[in-house]
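Two versions of one and the same chain are coming, encoded as structure tokens; call them structure 1 and structure 2.
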Structure 1
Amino acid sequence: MSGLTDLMTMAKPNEALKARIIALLARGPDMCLQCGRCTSGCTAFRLLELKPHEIVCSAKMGFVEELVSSKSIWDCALCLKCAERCPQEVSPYELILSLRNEAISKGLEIPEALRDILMTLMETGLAFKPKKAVDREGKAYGREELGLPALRTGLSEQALMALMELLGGA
């Protein structure tokens, strides 16, 4: 594969990085047939700059550095439909997680929306702040007005420490 060159970026395949990225995968991208079944079931299909089968193909060819810096790895919803649909049991979502881990280890920027979710999780124990329900007339109702119990928010100290350890902060 040393003769390959990405004509858009003039990048060369990085086989060493490819090997490191796919080392933890159950089945690597070399098993992919490029049938597109992963893309046909993708819930984030319209958001992605690169479709799941294209991400796998790029990794298969060794263009991993471009994938690590791609926005597509952060737009994936990690719904696992790609893994369910693959006849070869190649898991684009596992590859995407490996690529995300590599991006973080290289100190690349994490999208602001994901940082906001993380901060909300650490502050409240919820991925998203509770929103009010809105009726047809536009009137908003909170949990209290709907007769629902208040949400118990916040992480226990043990859960917060475990999260910090996972994030490498402890």
Structure 2
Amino acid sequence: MSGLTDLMTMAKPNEALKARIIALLARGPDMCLQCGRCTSGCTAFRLLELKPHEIVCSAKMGFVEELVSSKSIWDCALCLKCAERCPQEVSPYELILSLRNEAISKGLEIPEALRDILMTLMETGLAFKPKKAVDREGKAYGREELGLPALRTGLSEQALMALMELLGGA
């Protein structure tokens, strides 16, 4: 494999990075036979020309650096149609998430909405802050007013520590 060169970009495969990116995946790219079923049903293909079968192909051959820095991995709608349709138990969805993880850990990209969610998560243990419910007339209601029980929310200190460790101190 290491003898390959992408003649368009002269890029070389990066097997070590590939191994890291697919290490956790339940349904990695190696069984892909390039049938194109993922792309033919892909939500983001119709809208933004994302081609999951090409992403899988590049990853399988080890051309992962380009993928990690590409904008297109952020076009995926995370709709899971590709994972559902693949005859080979490949999940382009999982691969794309893992590529995004790598892009973020390299500091290449972090969507603003995600940054906000992470801050809220660290602060409250929830991704979105508990809020009053607002009805269509704009009137706000607390849980008691709606007859809903008060609920304890949040992560324990130990869980927060464990989470931070998994995030690499992010």
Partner chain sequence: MPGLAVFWGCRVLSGDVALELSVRKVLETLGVDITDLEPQSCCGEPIRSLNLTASCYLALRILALSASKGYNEVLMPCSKGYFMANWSLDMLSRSGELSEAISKAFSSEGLSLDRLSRPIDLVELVYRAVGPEGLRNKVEKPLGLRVALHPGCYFMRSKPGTGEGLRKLAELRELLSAVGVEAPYYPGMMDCCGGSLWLTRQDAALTLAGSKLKAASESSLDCLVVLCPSCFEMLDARQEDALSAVGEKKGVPVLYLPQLLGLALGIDPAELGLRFNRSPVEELSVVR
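For residue numbers, the reference is structure 1: its sequence is counted from 1. We call the rigid core whatever largest set of C-alpha positions still superposes within 1.5 Å between the two forms. Being a predicted model, the structure only gives us computed values, none of them experimental.
Undergrad: Here are two forms of the same chain; which is the form predicted alone?
TA: It is the first structure that is the form predicted alone.
Undergrad: Indicate whether residue 20 shows a C-alpha shift of 2 Å or more between structures 1 and 2, with the rigid core used for the fit.
TA: Comparing forms between structures 1 and 2, the residue 20 CA shifts below 2 Å.
Undergrad: Superposing on the rigid core, is the CA of residue 139 displaced by 2 Å or more between structures 1 and 2?
TA: Superposed on the core, residue 139 moves its C-alpha 2 Å or more between structures 1 and 2.
Undergrad: Verify the C-alpha shift of residue 69 between structures 1 and 2: is it 2 Å or more after superposing the core?
TA: Result for residue 69: no, shift under 2 Å.
Undergrad: Core superposed, what is the CA shift for residue 124 between structures 1 and 2, in angstrom?
TA: For residue 124, the C-alpha ends up 13.3 Å from its position in the other form.
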